[in-house]
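Presented as structure tokens, the chain that follows is alone, the form predicted on its own.
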């Protein structure tokens, strides 16, 4: 679908693209082809597509895979997609909010996801002991944080949380002009695959939840030394269990230096969170 086709269909459906729902519709066939290429699809794949919109990606996926679960929050687009793909028996269109639904089993996530909820989607879909492969169009600034570099300014809780579970393998900047309406943010197409080995601490829901909360709590202080960052985080919990001296002693006992947060490796963050888990 090109821009004119997208505009015509939206007019027929009486849909004004909703920014809050992340409705930026893909209009460039070249980008669709790149997503399909990154996805390395097989007829055994079970695909989760989040926010299929008018089905620009879906119409290519449905020809190549065993099953697609396409989750669409807009009831008008949900009805449109049901009619559009009524002749295919390997696709199920699900009406609802991805963050509120129980997700069917899938092996890959292939999506132009709603940009405003990228973090919560990553949390729900990928932060677990057996995450799927992901091929996603996301905000470029978030992609830059996922693909960790030496630039500490891009280092964030998304950097740590995502890399604890998955391995980022490919990143491609794509044009904003490939969408209607044109988004104000820069975009990237990324591919992420499960880590071969996930730390045993991240195998259960309660420890995963603790780790993610712990990282979210200390990363606002990424320019501080870890003792100060931990001290400030514990104070926000209104239950300062540890003095600075105790924090330092715990870290030194486990051979961790009191350096700035952005100087630690992903695996070290996991092990440090374990030290303070109870």
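Values in this document were obtained by computation on a predicted structure and should not be read as measured data. Numbering follows the first chain given and starts at 1.
Keep in mind that the form predicted together with S-adenosyl-L-homocysteine is missing from the display, and what follows is about it.
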So in the model of the complex, is S-adenosyl-L-homocysteine close enough to residue 92 to count as touching (4.5 Å, heavy atoms)? no
Does any heavy atom of residue 161 come within 4.5 Å of a heavy atom of S-adenosyl-L-homocysteine in the model of the complex? no
Hey, in the model of the complex, is residue 117 touching S-adenosyl-L-homocysteine, heavy atoms inside 4.5 Å? yes
Please check if residue 200 has a heavy atom lying within 4.5 Å of any heavy atom of S-adenosyl-L-homocysteine in the model of the complex. no
Given 201-209, 83-91, 96-104, 169-177, the stretch touching S-adenosyl-L-homocysteine in the model of the complex at heavy atoms within 4.5 Å is 96-104
Please determine whether each residue of 218, 251 and 263 possesses a non-hydrogen atom within 4.5 angstroms of S-adenosyl-L-homocysteine in the model of the complex. no
Just one of 48, 56, 61, 227 has a heavy atom within 4.5 Å of S-adenosyl-L-homocysteine in the model of the complex. Which one? 56
Counting only heavy atoms, which residues in 64-81 are within 4.5 Å of S-adenosyl-L-homocysteine in the model of the complex? 71, 72, 73, 74, 77
